[in-house]
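Starting off, we have a lone chain in the form predicted alone, written out as structure tokens.
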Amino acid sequence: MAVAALLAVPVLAQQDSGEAEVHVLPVQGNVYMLVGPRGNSAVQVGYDGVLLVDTQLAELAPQIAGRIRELAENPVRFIIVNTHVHADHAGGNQALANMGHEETGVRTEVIAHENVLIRMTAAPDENVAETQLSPEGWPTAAYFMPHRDIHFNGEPIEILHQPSAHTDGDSLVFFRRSDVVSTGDIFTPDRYPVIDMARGGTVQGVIDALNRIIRIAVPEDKQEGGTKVIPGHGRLCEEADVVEYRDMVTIIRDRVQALIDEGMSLEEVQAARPSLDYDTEYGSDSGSWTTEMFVESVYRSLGE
């Protein structure tokens, strides 16, 4: 597997959204999960307005706007938070920001880590296809510190930068009163994590971010209930699901490291199948992110 194939992953992930619908799932508190064909969003609604975490693909914007209108009538304010730069999570920025402005009369605030803004506004690179949006879709409130917090709809909300995880611009969004964490693509329980090395991702950064989610989450009883976790893709989860996923990534990292220490090449590591016992749950032999690509990203991440 060539490195160029790893760089192309986010581009492939933008395709084939099809005609599937966006569905609304109540989570808890005043937070809802929007389940789309290529990813998830979180929506918080209340007397201040609407806060949307991730806008999904551009072609889904009309559906997402419709679902938001069903949840919130006459919003006063509209805020968008991008967990990272990929188009399956930020592609609808422009359309939904414009919708928020038209319906509230107030400019939509788009919050993201500064690395997201840097990548969105960078000159095109033939080797790395960035999410290209017009200025209306760029972050208007980029933060550069380890975290940013806001108070919206009567709830403290923490936006937490997770360096060098899925990308170098990942954010976790923690709704403290509702007790919900939106993770973006740091946590994707239906597949192996995408480690986007072209945009600063590392396997250790993913593990560190998963550990942070686990520190935030508090189960209600016997590791069930309590904090809800909205992943970038896949089903609604709780802390135990994140623990299982963290353990999987950590074990595969350690196996690959041991094989590297034995002097094995990438091809030899892939042939050893260090993820074999997890492949039935998380792996894939086709699509935009295969098991082989995941193992390669772990190998190269550890090598660097």
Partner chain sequence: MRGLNFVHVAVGMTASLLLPCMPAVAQIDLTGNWVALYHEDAPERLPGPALGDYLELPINEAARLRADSYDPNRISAVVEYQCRPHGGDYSMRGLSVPMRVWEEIDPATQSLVAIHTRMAWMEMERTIWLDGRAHPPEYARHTWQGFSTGVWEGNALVTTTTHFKPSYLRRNGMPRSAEATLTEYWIRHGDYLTVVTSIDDPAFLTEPLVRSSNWVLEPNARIVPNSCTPAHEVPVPEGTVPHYMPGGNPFSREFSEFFGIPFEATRGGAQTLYPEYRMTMGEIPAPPQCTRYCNCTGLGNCGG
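Residue numbers count along the first chain shown, from 1. Everything quoted here is computed from the prediction, not taken from an experiment.
The form predicted in complex with its partner chain is left out here; the points below concern that form.
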Is Glu70 one of the residues lying within 4.5 Å of its partner chain in the predicted complex, judged by heavy atom distances? no
So in the predicted complex, does any heavy atom of Asp254 sit within 4.5 Å of its partner chain? yes
Can any non-hydrogen atom of Asn30 be found within 4.5 angstroms of its partner chain in the predicted complex? no
Within a 4.5 Å heavy atom cut-off, is Lys228 in contact with its partner chain in the predicted complex? yes
Taking 4.5 Å between heavy atoms as the contact cutoff, choose which of Leu236, Val45, Leu266, Ala65 touches its partner chain in the predicted complex. Leu236
Looking at heavy atoms inside 4.5 Å, which stretch does its partner chain contact in the predicted complex, given the options 193 to 201, 210 to 218, 150 to 158, 137 to 145? 210 to 218
Contact set, 244 to 258 vs its partner chain in the predicted complex - heavy atom within 4.5 angstroms: Glu244, Arg246, Asp247, Thr250, Ile251, Asp254, Arg255, Ala258
